[in-house]
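The chain that follows stands alone, in the form predicted on its own, written as structure tokens.
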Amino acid sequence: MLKIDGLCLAYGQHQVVSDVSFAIPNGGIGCLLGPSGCGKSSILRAIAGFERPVAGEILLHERLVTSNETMLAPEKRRIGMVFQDFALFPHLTVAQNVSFGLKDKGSGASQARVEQLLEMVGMQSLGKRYSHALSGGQQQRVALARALAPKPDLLLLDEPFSGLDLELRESLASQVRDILKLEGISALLVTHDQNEAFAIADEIGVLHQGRLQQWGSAQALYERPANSMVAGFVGKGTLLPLWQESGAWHCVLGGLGNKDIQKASVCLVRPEDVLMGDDGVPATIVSISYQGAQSLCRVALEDGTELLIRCHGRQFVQIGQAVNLTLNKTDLTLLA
């Protein structure tokens, strides 16, 4: 559906995207995940046809639409877009906003499409309201319905949930995924929130300083990060230095066996990789983040090393408590 090959973007002398390549299949949902200023929104604008690259190509359905020599007009790309601020027309009702992109607005088929989409996003009783009378979550759903109305080949979503509260973001992210799959529309989301990325996308690309660090499933990014940047950005975890002693590799929590470490210098330890018990490495609990059925605790070892561990709700812990830690597994992710 979408193929990006060696994309490079610059504003004047400042290069913001360097040699980015990835692809999204028909009906697939991709996500570009990264901190502010990493270039993800610039890539979205290039796909939409608003930015010309200095190098690389963008193809839709194997048709070249963007290169440094080719630039298909945005309105000819069959792309829908949901903006961060929703960009609804304040002088139009909900139904009129949704029908705006339809060619035959007054026809029976167009009216049926509007009704179908309003029901799909749970807004069927609010078609006559104006956008100023809607909540943020309702406005987001109207913006989504408007973008979907003409049945685009590809939907681009530019941080569409950033202005909403946490609980609403999580519920809407799940709803948006269901709607996209129901419509069979390919999509690309950009966000700095990994929870949104995990909730919506089939595959995720982590961007850092304009370069794509890794492209893969949420599980691959979490369990097999390509480098320390991905390991630190996706999920919770601590990078612990490695050393060799008597032919075996060690970190501060114990031995890792006779592994062929090669160029690795650190191991990634997730909170679930550490157990509290009667034996092990002494540590002290320095902070506790209560999360209902479990707590996320920050502990300090005697040498000053700090890491995160998970405690189940029935494990009573308190700040200042002395604990003993052991590794829960030896097949930890090893990184340079």
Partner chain sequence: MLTIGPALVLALPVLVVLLSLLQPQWQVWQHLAETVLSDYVKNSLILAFGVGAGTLVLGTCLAWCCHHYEFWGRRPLQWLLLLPLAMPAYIIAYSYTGLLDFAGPLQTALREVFGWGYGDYWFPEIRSLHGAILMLVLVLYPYVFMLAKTAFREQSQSLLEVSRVAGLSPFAHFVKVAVPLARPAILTGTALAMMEALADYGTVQYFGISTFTTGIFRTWFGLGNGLAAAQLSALLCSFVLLLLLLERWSRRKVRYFHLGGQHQVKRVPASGFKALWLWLFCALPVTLGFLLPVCMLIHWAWLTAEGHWNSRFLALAWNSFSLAALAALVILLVALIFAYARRLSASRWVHAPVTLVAMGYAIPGTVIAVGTMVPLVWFDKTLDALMQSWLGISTGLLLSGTVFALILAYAVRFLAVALHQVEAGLERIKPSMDQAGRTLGLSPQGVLTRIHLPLLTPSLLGALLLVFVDVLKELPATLILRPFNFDTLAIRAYEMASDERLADAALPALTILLVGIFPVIILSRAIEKATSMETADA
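Numbering follows the first chain given and starts at 1. Keep in mind it's a predicted model, so treat the numbers as computed, not measured.
Below, we refer to the form predicted together with the partner chain, which is not included among the displayed structures.
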{"property": "The partner chain: the contacting residue among D165, E245, E75, D260 in the model of the complex [heavy atom, 4.5 Å]", "result": "E75"}
{"property": "Contact test, all of R45, F50 and H91, partner the partner chain in the model of the complex, heavy atom 4.5 Å", "result": "yes"}
{"property": "Proximity of R141 to the partner chain in the model of the complex, heavy atoms at 4.5 Å", "result": "no"}
{"property": "Non-hydrogen atom contact I179 with the partner chain in the model of the complex at 4.5 angstroms", "result": "no"}
{"property": "Heavy atom of F83 within 4.5 Å of the partner chain in the model of the complex", "result": "yes"}
{"property": "Contact label in the model of the complex: Y130 to the partner chain, heavy atom within 4.5 Å", "result": "no"}
{"property": "Heavy atom contact within 4.5 Å of the partner chain in the model of the complex, the stretch among 83 to 91, 118 to 126, 237 to 245, 184 to 192", "result": "83 to 91"}
{"property": "Residues from 274 to 288 in contact with the partner chain (non-hydrogen atom within 4.5 Å) in the model of the complex", "result": "none"}
